[in-house]
Ligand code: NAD
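Before any questions on binding or motion, here is one chain by itself as structure tokens, the form predicted on its own.
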Amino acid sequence: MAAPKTLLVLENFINGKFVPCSSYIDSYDPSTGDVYCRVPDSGKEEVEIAVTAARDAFLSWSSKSLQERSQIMNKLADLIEHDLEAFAQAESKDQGKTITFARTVDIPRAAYNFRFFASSILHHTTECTQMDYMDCMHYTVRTPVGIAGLISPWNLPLHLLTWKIAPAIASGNTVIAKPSEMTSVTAWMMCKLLGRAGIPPGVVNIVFGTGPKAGEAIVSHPEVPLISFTGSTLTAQHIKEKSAPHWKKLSLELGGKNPAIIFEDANLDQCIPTTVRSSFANQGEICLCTSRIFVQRSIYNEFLKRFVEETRKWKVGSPSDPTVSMGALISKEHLEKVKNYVKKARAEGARILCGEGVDSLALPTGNQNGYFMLPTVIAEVKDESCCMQEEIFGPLTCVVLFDTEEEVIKRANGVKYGLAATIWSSNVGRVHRVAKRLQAGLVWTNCWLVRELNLPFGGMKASGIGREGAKASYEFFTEVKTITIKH
């Protein structure tokens, strides 16, 4: 009889120490379907202890100079980079993403988040103006808000957790962070480095658990004046309701139903492989992924043929295989949800051109019970279809044709979301016209996912409230105060 597998057991990190929890929940390896980790099922009690630790650490941490905080954050970035391979292996196993994506995107960006905000915090300026006729001078100062409640998602676990922690602590706040209960391992690993980097106890507290228990305890706590959340629009509605009685500052980065608009003068040699990547990178589990592709009529047939051919080149398999393009989806429930959209599209009369239900998926023996799905392309789908209106968050994209610029702008804007969009055209005037009229917080032209962290990131409509980035995050994680001096 085979010996039982030893499960990894995580603990909360509060006041600089790992603290066991009274109850735990199972976490699965998406590539095998097996339980491999136990995560604390924290609630009000654990959050209350974390609030006390964060409150006690706030005065000392916020009193440190910007240079001191910057040095500590750069040290933490050094430590993450030193352990990059261990972090990448853990992120791939925990989330289902390919080891290549974790090595080249998730973990490098997690380290860079600390470096970026360690630098940007040193270069902000404040305002000053004089009223000579009143013998007065006015100036502004920015002060940290206090305890920041940070809730991050499961798709880019350490990447998006550090995108919140870094600006929060750089600005002088202390934090209580809750990663997704489905992808908690790299956050737990990072906790082991905080003391070595010089971050004092209580400055960064990580409380693991579910949204309804741990997340709600953070959002509802009267001593947590600020919430930064990345996740679903439905959860964000609940956060707004729970936080409203306490007048909390909110930053909500939510879902998307992102269009790509391919005009007839697009460079298809560049457009097609990039649009395949924008549709299926990280199994399509990125809020910025393309899920609606509008192609001008004169090139529609050529685009569709080449796009399907390019999609079929993407290899799906074990995340640890460096040759695969896509790994496993996050959970069995999510896999079934995405597959159900394919069934709905077929029932509506759409054509499934490749992927789910069309092509066969061959998996290694050890991954037969994993949550895998082929990249899927759907055509001849109506704009009002759920596949064109709802966020699917998986390896499924729809391709439809259009005739005119005016028409495609209206159709691209015809969803409740407004996070990102891409435009493919060699006409500079058209690019500027269309980009200005699209209801999206980010618009890429002839590229995708080229990020400049100094500039604002965030969405319109149901895609969120607020912006993130060097200046935007600094303003969110601080309060501005105007001071007047009479002389």
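A quick note: this is a predicted structure, and the numbers were derived from the prediction, not measured. For every residue, the number given is its place in the sequence shown, counted from 1.
Omitted here: the form predicted in complex with this ligand. The next part is about that form.
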{"item": "Clash verdict for this ligand in the model of the complex, overlaid onto the shown chain (3 or more atoms within 2.4 angstroms of backbone or C-beta)", "value": "open"}
{"item": "Contact assignment for this ligand in the model of the complex, among Val204, Ala412, Ala168, Leu254, heavy atom within 4.5 Å", "value": "Leu254"}
{"item": "Partner-contacting position among Ala350, Ile239, Ile199, Ala77 - heavy atom within 4.5 Å of this ligand in the model of the complex", "value": "Ile239"}
{"item": "Heavy atom contact within 4.5 Å of this ligand in the model of the complex, the stretch among 115-123, 389-397, 100-108, 269-277", "value": "389-397"}
{"item": "Every residue of Gly215, Thr230 and Leu419 near this ligand in the model of the complex, heavy atom within 4.5 Å", "value": "yes"}
{"item": "4.5 Å heavy atom contact, Pro179 to this ligand in the model of the complex", "value": "yes"}
{"item": "In the model of the complex, Val295 touching this ligand (heavy atom, 4.5 Å)", "value": "no"}
{"item": "Contact test in the model of the complex: Phe372 vs this ligand, heavy atoms, 4.5 Å", "value": "no"}
{"item": "Non-hydrogen atom contact Gly211 with this ligand in the model of the complex at 4.5 angstroms", "value": "yes"}
{"item": "Stretch 428-460: residues contacting this ligand in the model of the complex, 4.5 Å heavy atom cut-off", "value": "Phe457"}
